[in-house]
Structure formats: C-alpha cells, structure tokens
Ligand SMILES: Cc1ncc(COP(=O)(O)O)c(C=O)c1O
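Presented below, as structure tokens, is a lone chain in the form predicted on its own.
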C-alpha cells in the first residue's frame, strides 16, 4: 500500500494565526460544525497584489491615476463565492460585479448593484435575460442564436455589448482535444461583431476566458494574438478587453504536490497584457474577472473529528464535513490542513473522510499526528472559491457560513435545519 507524502505548503505563520483566531471566535459563539468562514481581508490583499503588478507595467489601476493609460477594472465573479455579505462589501468598495445566471443577476440587484455595475456573461442568456429589462447593462454575447434574440433588446436598452471568443487556448482540461462550449468561433465572432456594428448597437468589448489555474502567462499571450486577429478581420477596435479567469490560486497544490502558481508570475502576466494592449488601438479598459485568484484564500472549511478507525495500517478520521458535502475541489487540489488544538507527536498515514456513505468522501490523505482524536477541529484552508456554490445536501443540510470584515465576525447563514431541508417538497 502506497504511503501518502505530506504536502509542502508555504503559508506565513501570521496567515495561519489569522485563521486560527477567527475560527476560535466562531467556535466560542457556536461550537457547531461544519461551517465555512469567509473574510474580506485576503481578497483586499489579492486585489492589491494584482494591482501592484499592473501598475508596475504601466496600467491605470484606479489608485494610480495614470492619464492616457489603459484602466484595469476588477469585476467580482459572483459564481465563485455567492455570499451576500461579500457582495455588499464589494459594492461598498465601489467595484462592479460579473454574473452568469438569472439568479446571480437578481442577487446583484438585490444587493444594490446598479445595472451599469453589472456584467452579464454565460451561455444561453436568450432564455432568461429578456425578462430583465434593465437599461445600461454590460452583456457579452455567447452565440449567434443568443445575439439574434437579444440584439433588439440590446439596442432598446442601450446595453454595452461584447462578444465572447472561443480561442484555441480554451479546451476541456481532461480531454484537451475537445473545445469548451463557450463563445463564438473566430469566424462566428467576426460575423457577430459586424452584425452589431451594422445594427448600430453599442458594441464596445471583446471577451475570452481561459479556464482555471493556468500554468503560465504565455497562455494569455497566445490567446490575445487570436483575439486581436478577430478584431482586425472585423475592422473592430474594442474599447474594453474582458479577460475572464485563469490566474491560479495561491498556496494550492496539485494531487502530485506541484504548486499551482509555481510558474505563474503576476509581473509576467501584467507585462504580457501591456505588450498585448498594443494590438488593440484605442483600448481604454481591461476587465479582469479573476474569481479563484481573488477569493480562494478568503475562506476556510472547519470540521470536527467524530470517530477514528484503523484499516490495514492506515488511520481514518471520520469528520462531520468533507469532499461530498463541502469540498469538491479536493478531487483535484490539495489544501493545507491545521488542527485545533494543535497536535504533535509521531505521524502516520491518515485519511480524512466526511460523514456520507460514499468512499468518494475523502478530503485528504497525508501523514498526520496519531494524537488527533474525536472532538478536535480540522481547518481546511483556501476554501473560498467554488466551495459554497458546489456544496451538496447529500443526506445532510447546508453548513453554516461566517463572515468577517472590518466590522468584525458574524454569522452570515445558519446551518440548514431539517424543516428547511425537507420542507421544500410541496407535492
């Protein structure tokens, strides 16, 4: 039987203490687990880190105020972490939001975002967006059918229109010979841009998305060459260039132990964008939608050890939360774990399981101290990106969510009750 290798992470001690302190505060108020704990502070740090690299490359980041330079705008990816206090906090920073579904659009409006502060992406919008006659939205069209249905509404409501382009750099990461289902092909994009211009719509943007956790900024470079070629073929000079996703999360490892952002430098990324901007005469703004990079480090998952077992030389910790319910990303990512209280002593091969009746329910497998015992808490870091939207209710309810910002720590969502879990059925 293969012995698990302990992954190597590089979290500064102050980061670990920050989360331990917040978790202890939450547990002091309510000891029930599992729960997610999210904080605005790491998002602020990621934005500042990215802005620093962009400003160094000569971009206007808002704070730098560089007249005549291309302005970079950060859009909150609502799908990545749809937590109401986060949306309110982000709006309080004066920043816009990106949505990809009707529920997300309604959530953004519910939290006070004006239509001009909302960017609508995603496929098949023509089946729901016409129910929301909002003047001044930004909308990136995803297909010829979508454009045909929504173009009259776009003109009537003065939408700021864009076209999403499917470049050769966007493909199914599990089967790279297959493209993703999003956006226009190059030829379709040229036709769509010409159609928008002939119709005298307010077409101002081109968009592309390059999947998650890109290994290198060179992927952006190759994609931008293709996007620029589409614009030249359509005789279109975009005012806005929308770059969706791609930047890898900090302090996350592959199943094999490789650091996801080990070869991705923000300075190299910013320099790539600076050079690429020359291919787009008249460009005014870069739109960035880096959901995973901004929010992965902004949340943790806290579970409690319920039971321990020994199987064929392996120790198993049965917890009240795990992959099936709370951390689907553990299937392809390794995150750091810390225990409360801290346990020391001899380490042995250990697997952390959730409470569901699935062998799939494995949060981590690594050497851990044999002194860990029922009642101890485990904190799984980097749980701020896609964990809450991918949470399941497999024989359990949704977990509680705590939120932290300058106003302190508070419960943002209570754990789901049985009445809510089962009371949804009406027939």
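A quick note: this is a predicted structure, and the numbers were derived from the prediction, not measured. Residue numbers count along the first chain shown, from 1.
Omitted from view is the form predicted together with the ligand, to which the following refers.
Residues with any non-hydrogen atom within 4.5 angstroms of the ligand in the predicted bound form fall in just one of 76 to 84, 251 to 259, 309 to 317, 131 to 139: 76 to 84.
Proximity to the ligand in the predicted bound form, taken as a non-hydrogen atom within 4.5 angstroms, holds for one residue of 238, 322, 291, 183, which is 291. Contact annotation: of the candidates 212, 221, 169, 339, the single residue with a non-hydrogen atom within 4.5 angstroms of the ligand in the predicted bound form is 212.
Residues 164, 245 and 386 are all found to lie within 4.5 Å of the ligand in the predicted bound form, as judged by heavy atom distances.
In the predicted bound form, the ligand sits within 4.5 Å of a heavy atom belonging to residue 98. Interface residues of 353 to 383, taken as those with a heavy atom within 4.5 Å of the ligand in the predicted bound form (partner not displayed), are absent.
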